[in-house]
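Take a look at this single chain, the form predicted alone, given in structure tokens.
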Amino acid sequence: MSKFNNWKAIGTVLGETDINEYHFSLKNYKAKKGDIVTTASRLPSTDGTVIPVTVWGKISSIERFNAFFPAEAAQELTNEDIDIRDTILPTTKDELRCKVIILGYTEDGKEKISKLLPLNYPVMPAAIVKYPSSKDVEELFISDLDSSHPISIGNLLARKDVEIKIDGDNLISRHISVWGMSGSGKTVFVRRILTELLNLKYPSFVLDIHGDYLGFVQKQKKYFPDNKVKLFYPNLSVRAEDKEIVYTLIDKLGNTLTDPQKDFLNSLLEKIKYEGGSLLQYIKLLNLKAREFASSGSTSFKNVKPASMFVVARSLRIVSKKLENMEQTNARHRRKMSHLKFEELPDSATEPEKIISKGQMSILYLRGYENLPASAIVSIVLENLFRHRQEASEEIAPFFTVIEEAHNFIPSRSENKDDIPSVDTIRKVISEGRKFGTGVMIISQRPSRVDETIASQCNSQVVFRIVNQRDQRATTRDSETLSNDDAKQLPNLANGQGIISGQIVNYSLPVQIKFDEKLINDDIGNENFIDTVENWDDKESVKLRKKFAKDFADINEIDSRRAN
């Protein structure tokens, strides 16, 4: 390749190589870990001739040592408190040894850098290792990506001037997991992806727990004038097919029930159908009917005494109060951002097009909701939206779902939370979504706490800084392309630095994610808690606490009767 001759020589291949990796001796300060390097080689062809090729690789590790400076000498200098410059010991004989993971090869003699082919013959020992120009590295990445819709996410960590793009088609169809500690850069990456999807007019549905994506709503007119960014708060209609979810919600949020009481609750759900109303209104109706049956001594329920009916009624009231409290908490957070337009979530069963529409990002603001109710909300909405994509008429466009705090919605089996409603729903969407255009992104700071089956269905991963060893093992367990060398790098990554692998790229790459500062939520992006304390009113907070205590006082009374 003529370009090879123009690149700088930076080292020499050492004596033992194979088709997967090689080592080379590096000139001082000429390359870094994660850099892309090349070496010339020759391969046998199918017709018996030998063809010249350029082999591309990624530096996965660098070691530095000095054979003329033994450990005994270092110990002596330390003990005697001697500066090495005051001795005759050599300080310029350091050797740098790099390990290179082979990415593939390109054939020489072509004007443009073509797509990489898998290497099937070892590189030549003593061959020169060269440092390709950033322009040629970028050309290789784009050519090898071979994507109709490349999405820019940042730059190669080792080279700021090499832009990294991922395959947008594989992103939205084959699912992706994003792992990393709090503050490591996960949200920065997600904002980058959502920005590019808006530019492509591709619909997205974002489950926002903390308000991290409200900046899109604030800045929509300025930066996305041709898109719609809708901000919804939860309000779910209940249907017959949601019975199991409603039962789980009542069972887990309310009092512990005996078997006869559970039988009564089940019968109540079968008997009382409620169409065209919110989940909270339905539970209030169940409470009312349970009290009516108990007060009248109804015999419609075999082997269930009125006392047990009253216990179920009280449990339903507890559930309704808790849901009311969550709604009020969510509403209080919304009132703090009164300049934003919050809309009630449309019925996903009858009006899915109001949630999923071409060029629209829909954000479901879940702040204030406990894990179980939030899971029930997500389960019902996603189940309905997925059903609309499954139908032959395809009533809504393909869409991309972003699931923040995924360990709350799809917990690992070791968490013993298999009854979380959203687990089965997301498992179905992620296993069948490729066929119907319902891609999913799962995000968590604790990958070890995420359902293993669902995580393994994600064909691409972006991993930011992770220190916890259990979580590190989970990232390599779920990825077929993240190497052990990559995993060793995870604890040392800085904010915004991540390793991207899987089907959105052809090989794992260390990347610096582009930071879209303009999309930070102004309301929570620069919180100053010292100023908050300076303006704090203790009397007002006490007044609010007493109000809530009064609201719940009537449901904390202990019934002296023992239910059968």
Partner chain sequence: MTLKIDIKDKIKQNSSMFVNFIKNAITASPKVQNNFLEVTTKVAETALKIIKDADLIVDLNYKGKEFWSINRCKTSCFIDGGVDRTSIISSAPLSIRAGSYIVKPDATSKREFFEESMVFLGDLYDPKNELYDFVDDDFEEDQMLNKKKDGARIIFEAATIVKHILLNKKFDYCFLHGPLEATVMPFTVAGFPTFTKFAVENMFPFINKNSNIESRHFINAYLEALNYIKKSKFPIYGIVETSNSAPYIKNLLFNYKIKGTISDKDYNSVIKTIKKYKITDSHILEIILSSGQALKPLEVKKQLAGFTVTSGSAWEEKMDSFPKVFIGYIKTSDNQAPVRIESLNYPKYLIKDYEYILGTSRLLPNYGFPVGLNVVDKFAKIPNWMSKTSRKYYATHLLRQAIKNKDQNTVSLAVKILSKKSRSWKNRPIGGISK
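Note that the structure is a prediction, hence the values are computed from the model and not measured. The term rigid core refers to the most C-alpha atoms you can superpose between the two forms while keeping them within 1.5 Å. Positions refer to the first chain, counted from 1.
The same protein has a further form, the form predicted together with the partner chain, not shown here; the description that follows concerns it.
- Proximity to the partner chain in the predicted bound form, taken as heavy atoms within 4.5 Å, picks out 62-70 from the listed stretches 531-539, 62-70, 508-516, 22-30.
- By the criterion of a heavy atom within 4.5 Å, P225 is excluded from the residues contacting the partner chain in the predicted bound form.
- Shown alone here, E244 lies farther than 4.5 Å from the partner chain in the predicted bound form, counting heavy atoms only.
- When the partner chain is considered in the predicted bound form, E80 lines it closely, a heavy atom lying within 4.5 Å.
- Contact check for D161: every heavy atom lies farther than 4.5 Å from the partner chain in the predicted bound form.
- Between the options T87, S296, T350, T256, the residue in contact with the partner chain in the predicted bound form by a heavy atom within 4.5 angstroms is T87.
- Just one of N484, Q469, Q75, S414 comes within 4.5 Å of the partner chain in the predicted bound form, counting any heavy atom, and that one is Q75.
- Relative to the superposed rigid core, S182 undergoes a CA displacement smaller than 2 Å between this form and the one not shown.
- In this overlay on the rigid core, I318 has a C-alpha that sits less than 2 Å away from its partner position between this form and the one not shown.
- Core-aligned CA deviation for K93 between this form and the one not shown: 2 Å or greater.
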